[in-house]
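One chain follows as structure tokens, the form predicted on its own.
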């Protein structure tokens, strides 16, 4: 796809829609988790209040430059996924800056934010920051192994690395979805999906059962607002990738809302049912179950 300036306002409109969709859906998912635990949960508009409040705050605490670039890199990963991946198939407005080979760039953006936060944590001055870095990088690397194998499998299947072409190949019938034409790749990718979404039992970095709970205790004011913005954008952006690659994409905002909600809810359902894994349990899970399925998916193709 050739670049045109008119794509910029269209891409910004897509980001605006996804940001608000993510804010509302994140609050709904938090409320679902609270109701399972017998609590009422936050109001739907609470995320907006928290975000505006933190954006308005400033700090006088100083750290190394990389400490403050960590949240920026984290948000860049989420925005990059949205801007360089088609959101609505067949829509000129919401095709964004997708181009040939964008699947490789999308995989890079998934890992980019984690690397940025690891570098930021290294300059936080916290004596246990290395524990969080090792937890995060170890789990994300293990979770992305089955995802990478699944992506390799479907790139062989469709003979392309263009996400738009992969979505196009799944049109016409629900049975053309990768879910039905290559179920092993979908299973392997879903192992990676639940791991990279950082929800229980794979929330080994934030570890909400522990005090403190990772990066949110180190970052504050506008830097915390950057992380909050990313926490509503990045999960939706990753879900869009899976929707496009394995579940036929979306030809309209209605189909987008339903498919993204259904995929997102899978991780929420697993999270409220299972307690958190230890780090070694999490890594062993991906190597024992996800990795073999990914290898089988390639062999099947």
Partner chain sequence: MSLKDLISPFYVWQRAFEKPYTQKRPIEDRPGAPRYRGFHMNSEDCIGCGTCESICQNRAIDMVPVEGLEQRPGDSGLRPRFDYGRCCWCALCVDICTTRSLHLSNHYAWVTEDPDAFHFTAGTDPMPWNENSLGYRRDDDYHLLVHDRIEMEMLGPDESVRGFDEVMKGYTEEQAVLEADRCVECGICVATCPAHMSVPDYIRSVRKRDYETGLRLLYETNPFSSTCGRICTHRCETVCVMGYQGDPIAIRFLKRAIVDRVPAERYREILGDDVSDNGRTVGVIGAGPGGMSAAYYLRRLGYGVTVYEAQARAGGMLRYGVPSYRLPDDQLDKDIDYIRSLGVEVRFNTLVGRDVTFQSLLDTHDAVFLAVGLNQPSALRINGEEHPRVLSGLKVLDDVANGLDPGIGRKVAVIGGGNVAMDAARVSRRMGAEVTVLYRRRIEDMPADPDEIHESQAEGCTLVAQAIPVEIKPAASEAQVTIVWGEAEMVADDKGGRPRPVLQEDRMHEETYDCVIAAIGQGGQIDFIPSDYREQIEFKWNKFVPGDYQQTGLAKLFVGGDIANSRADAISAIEDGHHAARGIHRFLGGSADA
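Bear in mind the structure is a predicted one, so any value in this text is a computation, not a measurement. Positions refer to the first chain, counted from 1.
Missing here is the form predicted together with its partner chain; even so, the following discussion is about that form.
Site residues 32, 269 and 274 are all in contact with its partner chain in the model of the complex, judged by any heavy atom within 4.5 Å. Taking non-hydrogen atoms only, residue 36 approaches its partner chain to within 4.5 angstroms in the model of the complex. Although the partner is absent from this view, residue 289 contacts its partner chain in the model of the complex, with a non-hydrogen atom inside 4.5 angstroms. Though the partner is left out of this view, residue 265 does reach within 4.5 Å of its partner chain in the model of the complex, counting heavy atoms only.
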